[in-house]
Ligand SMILES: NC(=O)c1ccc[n+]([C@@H]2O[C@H](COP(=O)([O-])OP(=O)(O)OC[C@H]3O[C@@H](n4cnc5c(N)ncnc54)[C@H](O)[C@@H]3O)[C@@H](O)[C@H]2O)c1
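Read the single chain below, which is given as structure tokens and is the form predicted on its own.
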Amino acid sequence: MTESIHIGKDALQQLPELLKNRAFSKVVVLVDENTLPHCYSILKPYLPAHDLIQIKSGEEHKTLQTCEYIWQRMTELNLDRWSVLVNLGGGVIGDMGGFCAAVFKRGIFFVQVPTTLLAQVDASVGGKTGIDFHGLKNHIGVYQEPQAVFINPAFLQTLPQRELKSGYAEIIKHWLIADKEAFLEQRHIGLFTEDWEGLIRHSVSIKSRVVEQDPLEGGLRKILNFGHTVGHAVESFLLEQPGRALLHGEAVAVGMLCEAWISRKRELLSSEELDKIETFLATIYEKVPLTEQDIQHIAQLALQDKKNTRSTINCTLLQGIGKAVYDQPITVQEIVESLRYYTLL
């Protein structure tokens, strides 16, 4: 991958060198009300003189309106094309900060300092940036690699358990699509792991390997979308329902169960494998209650998925644990049936 990824408790020690070597004209850090009090103090010693832009956290603020505020602040701070934006936060800050940097004055530099498990193992790696639009997840965005990614597992100590679980869903996804042995071994350990750095390194290596071969998602990179066709639809729908919003990984966990069931229905996955997946995910994630009306709405949202061609819903399915197949056409009815199955688990 073109960006440089630094992982470990000493990762941030590489940041001053990058900032000095590139001779950026200005450094600005993007934070929210969580990362400012909990994470900024860890980052600050490694930064030269800089400014802060603070936004509100949460998927509901990953909008054009927030981008407009960020661009307004960038303009007020007189950022030029040799400025750098340091994104200190989870997936929302990484996605939106990267997008704002990529299009401001036709592109300024940015650096990712992911603070959530989700962002460390998935969102900060691979150059996807973007925002939600009218309730549709990541509907507007560009591919733009950051200058570097600095992953410090120490940030995980600032996270509530729910955020940790959310990020863990993407780790499970990486095992299901690319590493059967890791899945079979880790399902007995789960969140009780004492080696988060090892899990992060392994997950990043899986994603990096895929992205290197297919940076713009023309083919192979689509395997990383396992769990996301149904998962994004669930997430988008519940985001609009007061008090029912899910974290990204929680929605992906629902999506993985549904898409694993469709894989079984297509006889790509054995009953035993489906059972192992269901049992493992059930030990970590609480059931999300869905009514029949919810299910119908969610299935229709899948028609807006970015991976679709014309009116065909393209999904990534499992051909056994550890192997994914992409561009598998599925129907709205199959999504409905998979969600009904999920509610009965």
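Numbering starts at 1 and runs along the sequence shown. Worth saying up front: this structure is predicted, and the values here are computed from it rather than measured.
Separately, the form predicted in complex with this ligand exists; it is not shown, and the next lines address it.
- Contact annotation for the candidate site: 34, 57 and 207 all lie close to this ligand in the model of the complex (heavy atom within 4.5 Å).
- This chain is displayed alone, yet in the model of the complex one of 313, 318, 39, 298 has a heavy atom within 4.5 Å of this ligand; that residue is 39.
- A heavy atom within 4.5 Å of this ligand in the model of the complex is found for exactly one of 138, 83, 147, 186: 138.
- In the model of the complex, this ligand stays beyond 4.5 Å of every heavy atom belonging to residue 168.
- Within 4.5 Å of some heavy atom of this ligand in the model of the complex lies at least one heavy atom of residue 163.
- The closest heavy atom approach of residue 158 to this ligand in the model of the complex falls within 4.5 Å.
- In the model of the complex, residue 87 stays away from this ligand, with no heavy atom inside 4.5 Å.
- In plain terms, the part of the chain that comes close to this ligand in the model of the complex, with a heavy atom within 4.5 Å, is 59 to 67 out of 59 to 67, 22 to 30, 289 to 297, 274 to 282.
- No residues of 307 to 345 lie near this ligand in the model of the complex, the criterion being any heavy atom within 4.5 Å.
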